[in-house]
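Just one chain follows, in the form predicted on its own, and it is written as structure tokens.
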């Protein structure tokens, strides 16, 4: 826990009357939960301040958490503190107008790639950015307030980014902080229902996916979901991207990849693994993330095949030099 960085950020928050909060493009539960959670904590704690959440995209999958605020004019940014959460690189920030803010705070739990904030708090060993926001609240709970609504946002992000508290970054502190949120009386049943109930189109995609998974020589499992497949099953880009989870329990496949074709012809890549570090592969293709969960983008099938070959080589080397994997 970096109390020095947290104190510096808290001092900035107290110094500004205007605050804008940002996240990354194509938001997941952690990006939305952490930004909405912090906004609610700060609004409760500092009702005299103007605090807004302004981004340029949204997530159908997480609509149950509600929307964001109306865009603010450029003049508002000029005298505001900008807080960017859950975003490793500046190019992934959803709202490009963040640069208009007087100062920028970066709060992130990804492997550090780029420094873009005037004040930064980065802890890559954390399971989620939401965990960091709850830790921030706990560190200054004598001055900050937490509501059931804020706890709902933050718990949602902790659940999704930790794989329901299964990933290696989950610690005893993660669970203690999650317990702090549960103590607010949140409806965990409702959260899980929204997150994990599937519509018929998703189930049909899963049936299709299970019969179309391919494997490399050393056991990398991968799927390529074209625009035609997405249209056939009536899928949003988010729903198609979730297909990476269909491969997470295959024995001997310690790396699994989902390739989702974008409308512009580029291909979004979701990389996942057990034991093996895949973030380094993602970084070679303009992406990044966590050791065992990362993302990237390739521009064509040839580049996609090259990434698959890199992953196969990585997995082959791992299997040759390690024991005890499944």
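What you see is a predicted model; the values in this text were computed from it and never measured. Numbering follows the first chain given and starts at 1.
Same protein, other form: the form predicted together with adenosine monophosphate, not shown, and the subject of what follows.
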task: Decide whether residue 314 counts as a contact residue for adenosine monophosphate in the predicted complex under a heavy atom distance cut-off of 4.5 Å.
output: no
message: Just checking whether residue 92 would be counted as a contact of adenosine monophosphate in the predicted complex - the rule being heavy atoms within 4.5 angstroms.
response: yes
- prompt: Taking 4.5 angstroms as the cut-off for heavy atoms, does residue 62 touch adenosine monophosphate in the predicted complex?
  reply: no
- prompt: Are any of the heavy atoms in residue 268 no more than 4.5 Å from a heavy atom of adenosine monophosphate in the predicted complex?
  reply: yes
- request: Report the residue, out of 298, 51, 294, 276, that has at least one non-hydrogen atom within 4.5 angstroms of adenosine monophosphate in the predicted complex.
  value: 294
- line: Of the candidate stretches 51-59, 281-289, 65-73, 34-42, the one with residues having heavy atoms within 4.5 Å of adenosine monophosphate in the predicted complex is 281-289
- request: Scan 1-40 and note down the residues that get a heavy atom within 4.5 Å of adenosine monophosphate in the predicted complex; none is a fine answer too.
  value: 24
